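This document starts with one chain, in the form predicted alone, laid out as structure tokens.
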């Protein structure tokens, strides 16, 4: 996925009085990827996104978006879904979306056609003439998402896009974000839902106290924190394998984590299982922690020593 750099943040700092919300932060977001932006509350994520969107100015450092400083011309190529949702409550959906599309340079006919298509896609077609105030919060959130992608932006920035949505609508938005990524759009996504990052994310940045603490491809970051253990499925007494110091049973007895003695490698255990007549292995993998576990280890550890 080697894409052009769509966002380049270089040594950016932003302070509010004596508090540094963002502290010498550098990263890049590449064309055609889902880039997950993670961190605890108050870590500086929203401040960073607002600087990327030129809502706030950095105190120092530079930010380039779509090849340079964000201008009125390039703003029309960006879609932004803020965490603080905001729609005109007294306006019918089609009228509202048509107006928002016009602000992004769409023709009235194109905006209407695209709005109808997206409303139907998210099962809001029958509400097209309803006012926003007549919709549930979940429906309003889907409308906000439609407004974000209506003008087919090249860069999509979404802040907690799944917050408050039920599993069905969460899946619907995930599917659309993945389709947009596959069609070449670049997505910067801030979320606290780590399992969504594991499923969707290509690369990630985790910040804490305004500074980078983890940065890189999602799978690579998880592998970096891999425990000295392997996960197997199959039959046999796993505890008798030389080099296994203890066994944890998972998934109602269908999966087993083999915790290895110091100095023993996963390759050695794989070989011993392969030549053992008393064991049948149907799957074998490294025990890689979830992003939630990594988040707690990295952020919790830093804050405990702050």
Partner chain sequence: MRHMWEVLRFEFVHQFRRRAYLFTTFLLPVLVVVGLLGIQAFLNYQASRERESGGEEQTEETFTGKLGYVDHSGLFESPGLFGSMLIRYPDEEAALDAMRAGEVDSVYVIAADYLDTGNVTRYIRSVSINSMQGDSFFQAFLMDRLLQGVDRDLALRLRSDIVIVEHQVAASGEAAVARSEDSSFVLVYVFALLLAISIFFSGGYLMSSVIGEKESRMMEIILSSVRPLPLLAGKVLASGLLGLIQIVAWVVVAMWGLGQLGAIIPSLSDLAVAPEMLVWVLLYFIGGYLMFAGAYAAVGAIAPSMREGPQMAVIFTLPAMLPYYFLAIFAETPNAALPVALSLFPVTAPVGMVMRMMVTTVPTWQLLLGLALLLLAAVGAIWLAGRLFRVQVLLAGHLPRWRDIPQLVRER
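Residue numbers count along the first chain shown, from 1. Here the structure is a predicted model, which is why all the values come from computation and not from measurement.
Beyond what is shown, the protein has a form predicted together with its partner chain; the following relates to that form.
message: in the model of the complex, does residue 100 come within 4.5 Å of its partner chain, counting heavy atoms only?
response: Flag for residue 100 set to yes.
- prompt: Taking 4.5 angstroms as the cut-off for heavy atoms, does residue 245 touch its partner chain in the model of the complex?
  reply: Heavy-atom contact with its partner chain at 4.5 Å: absent for residue 245.
query: If you check in the model of the complex, is residue 86 within 4.5 Å of its partner chain, heavy atoms only?
result: Contact with its partner chain, yes.
- prompt: Taking heavy atoms only, is residue 217 within 4.5 angstroms of its partner chain in the model of the complex?
  reply: No, residue 217 stays farther than 4.5 Å from its partner chain in the model of the complex.
- prompt: With the partner removed from view, which of 28-36, 56-64, 264-272, 248-256 is the stretch that lies within 4.5 Å of its partner chain in the model of the complex, judged by heavy atom distances?
  reply: Comparing against its partner chain in the model of the complex, the contact stretch is 56-64.
query: Taking 173, 184 and 203 as the candidate spot, are all three within 4.5 angstroms of its partner chain in the model of the complex by heavy atoms?
result: Not one of the three qualifies.
- prompt: Among the candidate residues 194, 96, 149, 135, which is the single one with a non-hydrogen atom no more than 4.5 Å from its partner chain in the model of the complex?
  reply: That would be 96.
- prompt: Can you pick the one in 70, 241, 260, 281 that has a heavy atom within 4.5 Å of its partner chain in the model of the complex?
  reply: Spelling it out, the residue with a heavy atom inside the cut-off is 70.
task: Check each residue of 132-146 against its partner chain in the model of the complex and list those with a heavy atom within 4.5 Å, in sequence order.
output: The one in contact is 144.
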